[in-house]
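Only one chain comes next, encoded as structure tokens, the form predicted alone.
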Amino acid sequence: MSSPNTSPTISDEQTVEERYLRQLFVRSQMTDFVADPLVMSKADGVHYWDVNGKQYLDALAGIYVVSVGHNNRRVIDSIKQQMDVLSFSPVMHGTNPLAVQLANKLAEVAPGDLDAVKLLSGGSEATEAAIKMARQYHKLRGNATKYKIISRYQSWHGSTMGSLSAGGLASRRAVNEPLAGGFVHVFPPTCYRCPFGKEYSSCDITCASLIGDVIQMEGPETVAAVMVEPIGHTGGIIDPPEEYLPMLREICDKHDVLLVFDEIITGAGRTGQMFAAETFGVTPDLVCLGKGISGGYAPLSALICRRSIADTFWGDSSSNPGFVEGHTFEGNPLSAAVGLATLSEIIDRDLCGNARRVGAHLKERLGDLRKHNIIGDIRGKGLFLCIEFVEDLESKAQFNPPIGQAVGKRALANGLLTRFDPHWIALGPPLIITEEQADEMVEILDRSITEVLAER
């Protein structure tokens, strides 16, 4: 039902019709989308309902965003109250109390000396800002030749040109090439399918040590930063060996290279701690946050840097312009109010603890799906988990044609929202999820796998 305060030209029910969808771009090929459109009309807790009234269990938190659940009254009330006071402040001239309060709250909960914050409005803005901050930092310190960013194949850092250039998805890059220069890619730590043909732990963590070799080959005087997702998403929830991130920390320190964690997905409790940096026990120089810090209630992201980096941007304005980066909705008071309320919900309700407990339960229950003899690997941490499908368990041979999308689409038809790719399915439900709801997720996946296999 449409809001009584709006005057739509078409009804909610009509929004699934092709004649109206032709005025919109979504994230998939529109020809495919209009054949079976999904248009959500309401949500509550861990469920969605589409315009036809069908209910879906949200095993993806929208897209790893709805950390504190749909229709969270504490967060909604924070927006309403702030709208009565200040909805927009003059960003070219200053800031507002809510932005200052949120920056201080983020600095308080961030690990180590990560305590200076740039507030932004989307994940791509945050990763783009991290690239700019790394380059500007070195330039201000007299190292203007340090501009290259080393990132990984199969990574995703956003849709803007800089963040896309850092990303390592061939399909996303190809349609936009040529991309920005100064970006170097290395292989990710995909232990289940090691690109070097090695086995953990006799591999000497080549995926990490190789980054040091690449820095040497490129020339340390040309490398500004190494940017990684602590747990990679688009390659199929790439959960690195425990030695990997500590090794990157040592390598970056050795070569005066900044270590950037893209925690757009893994931040805000997703892995069982407020930051994946805490989960792995490694403090980066810069960390990018987004998605879960807003709970999905307003556009919000953040870049947090260490104090020594922040101090570099203070000085005489005649020689030091500060951090040159700005966006219209940065530090927006409504978004800042949402961020404060969302962080309070995560902390006060110990949703990080819930992510650890229910995540462990969900991971164990996903093991039940091994009875189908097609689950090659189960990986991830907290409420950020993945199952990979293989046709042969011993050889790890993948299905041809792939089965992941078929299972994911069948699960969606059965009322379960997941992230599915050709060979894997990921789960990342709201942090408020219960064990009973986790069991329901697995039961729907079980039924969906059974149905798909019966049709092959």
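Residue numbers run from 1 along the displayed sequence. Since the structure is predicted, the reported quantities are computational estimates derived from the model, not experimental observations.
Separately, the form predicted together with a small molecule exists; it is not shown, and the next lines address it.
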(Q) Exactly one residue in 236, 339, 167, 123 has a non-hydrogen atom within 4.5 Å of the small molecule in the predicted bound form; which is it? (A) 123
**Q.** 4.5 Å heavy atom contact, residue 229 and the small molecule in the predicted bound form
**A.** yes
Q.
Residue-level question: is residue 158 within 4.5 Å of the small molecule in the predicted bound form, judged on heavy atoms?
A. yes
Q) Can residue 286 be called a contact residue for the small molecule in the predicted bound form at 4.5 Å between heavy atoms? A) no
(Q) Even though the partner isn't displayed, in the predicted bound form is residue 119 close enough to the small molecule, meaning a heavy atom within 4.5 Å? (A) no
Q | Interface stretch in the predicted bound form with the small molecule - options 77-85, 372-380, 203-211, 263-271, non-hydrogen atom within 4.5 Å | A | 263-271
